[in-house]
Each structure stands twice: as C-alpha cells, then as structure tokens.
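Before any questions on binding or motion, here is one chain by itself as structure tokens, the form predicted alone.
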C-alpha cells in the first residue's frame, strides 16, 4: 500500500493551508503514514503526549482532509483505485508494530521515514513563498536576488547574503528559495539550518566522539546550503573553522550557499576575516524596514492568508503601532483576532483593537524584559530561576517554563533563537512548541487562562509600583 504516502501528502497540503503555521509544524508535519488497516489510515506520532493532543484537537480535521482524497490513488500493484479510507488513527512509535500487517511491513522504509521526520534539516514552511512575500522599495532588490538564486542555484550570485533587522522577512525569503528549489529541482539536496543548530551538531559530534565524517557528509554534500542567523558565529572559533571548510568545499564545487544575518558580514563582531570576506564574495542585500503603505499591505495579505475578517481601520491602527518588525506587527494582528473571538465581537473598531492591545500600548517592551517575566513565573509557581531556565523536565517545572516562554513571545519582540538561549540554549522549535501548547491550553483550559492573566497582571502591578 505504498500510495498511502501520496494520500497523506495530499491531505497534509490541505491541512497546511487551513491551520496555523505553528500548529501544522508542531503536530501535523511530524506524522508519518504507516499503513491502512480496516479502512483506517494509520499515522505515527513520536510520543503519547502528542498522540493525546492530536486526538483531542485535530483528529476530525485530519480525517476530513484524508477523506477528500480517499479512493483517488491507484494501487501500487494494479490500476484499481486505492481502497476506501473512512477513518484515521494516531499511534505512537511504540505501538506501530501492532498495526502493521505482515504483507505490508517494510521495516527499513518505515524506519527511514521516522528518522527523516526526526532530523529533516530541509523542511520549509509551505506558506513562505515568493508569491506571499509583499514586494516594496524596502526589499525589492533582495527579493529579485532571491528569485534569481532560486532559478539558478550555484550561478552568479554565490553566496547570497541577506541581512536586516529582526522580523523583516529574511527567513521568509530563505524558505521561499527552498520551496522553489524543491519544486523545480527535486533531485537537489537542500540543507537549511539555523547557525545555532549547526554549532550544536558540531559540539555533539565532538563531545560524543562520533565520526566527524557523518557531520561533514551532511553539510559538504549539499547542493544548496542555507545558514540562518550567521551572526551567532561571533566568537565561536571552532564553529567558524567548520563553516570555513564547508564553505570552501561547496563554493569550489559550484554549490549554492545562502546566508542570513541581522548585520552585514563586516559588522559581525569577532568574525574571522577569512569568513567575512568570503561571505561578501557573491551578492549582499539589505532588507530595510517597511514604510506605512507596505505595512498595511503586509497586514492585509496576512489577514487574507489566515482568513481573518478585519476592518481596514484596525489594519491601519496596527500598522501605526509598529514601524520596523513585521513579525511583531503580524503578532499584534493575531492578538486582535484572538481577542475578538474571545469576546465574540468582530474586529471592526478601534475600541476593540485598543482593548486587545492594551497591554502592548501600556507596557512597551522597554518597560518589561524577559527577566521580569521569568521572575514573575518563578514567584507565582514558587520555583527557582535555575530550575525554570535549566534542563529539568518534571511537570512542576515544565509548565512554569512553558508559560514563561509563552509570555515572552507575547509581550516582547525577541527572536525565537534568543528566547531559547534564555532557557538553557533550547532550540527555536522547542520555543515554538511551548508557545503553541500554552496558546492552545488558554483556549480550552480556564485554569491555564486564569494563570496567564494573573501573571501578566502581577508583572504590570510590579512595574507600576516601581515607577
């Protein structure tokens, strides 16, 4: 029943377009089709906790998406239609053997799929495409460069170095290039990782005495290598040396290299000259903050993509509040929509927008910092700061940690990588998972919602008392 992979691929496309990006990335993208048993598509998820959450929140949505395509695919051994599927079941890795029919079992294929799911460095956000990127005078040069590289990887513009402030679209363009190459050059090996992950993999390889050939094989055999946030190479001599040799091998082989940073190569502190000069060999482009008209256009496109019903007066109100960080601006739009759903009123008035963004307006990010939020969570839950920012995974620590991460993402405009560093160097995907989990619990669990509200009130009261 090999065509369950085709069936699931089609269903996943539907889910990606109908769900929030974070929910899809955390809960749906990790699912792997296993087999079809008794007219049920069996999907494998990594853990019991994810199995429970998916069954609670997403199973009907998944089933509906699968049923749209059930019966449309030819069987692997004949021209007949794929057997009818009328249900979906989520199982864990530990349970999967119970659902595999002997005739269907291909252990190597399943193992390879599960391994790929756990360590796929080249998964690109489907919504990040060139079509969804709002072109403006502040970014038109960089957009044109990105399109040129996507159409001719390894050509004239190598490396492509994109720099600009937080939340201006660097990662969007990188993923757009990846999505384009995946569609038009499917045989190419594309590796896309944050620089912090590159560093962690290098350290892990050294610490565990692993054969460094595996590390080299992953990166030096790429047709396209994308390193996000290379400013984090600053001061890391070992990682810089690994990047230097990887860069040389790929560039000499005519392979495409794409880099992003919050500043141009020459301005990255403690970056070796041999790297900063190489980073500037190809084409360097800067994304500038968008003007008011562009911010409005971005918000309108975001509302259209997410199927938000927002009055233009609210769009303009939000565009006036943010002048540099597109990601933060989109976050304010999401906050207004969430609040309008919560109170059961349409997002069509300045009064509602003011109420939804009251905390943002009253408490600018310079009056509350991440330390304030972590301290508040520690005091509320009566746990130590070393515990909440450390490696402990017991329930008494995990919940306060996740709520602290959620509040930092809501109240501040810090990059996910920077937030991860505050909590023991955790990966940005862990930060996304914590944020999304608390966001979902707020909608369904009154206790969690009350806890978050109380902590935010506590933070505000403490700040006012200090004024």
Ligand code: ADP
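Positions refer to the first chain, counted from 1. Just so it is clear, the model here is predicted, and its values are computed rather than measured.
Heads up, the form predicted in complex with the named molecule isn't pictured, but that's what we're talking about next.
- Proximity to the named molecule in the predicted complex, defined as a heavy atom within 4.5 Å, holds among 381, 338, 360, 128 only for 128.
- Checking 271, 319, 224, 326 for any heavy atom within 4.5 Å of the named molecule in the predicted complex turns up a single hit: 326.
- A residue is said to contact a partner when one of its heavy atoms sits within 4.5 Å of a partner heavy atom; residue 308 fails this definition for the named molecule in the predicted complex, lying far away.
- Residue contact with the named molecule in the predicted complex: residue 185 places no heavy atom within 4.5 Å of it.
- In the predicted complex, none of the heavy atoms of residue 368 sits within 4.5 Å of a heavy atom of the named molecule.
- Mapping the unseen interface onto this chain, residue 132 counts among the residues with a heavy atom inside 4.5 Å of the named molecule in the predicted complex.
- Annotated contact segment (heavy atom within 4.5 Å of the named molecule in the predicted complex): 165-173, selected among 343-351, 277-285, 165-173, 212-220.
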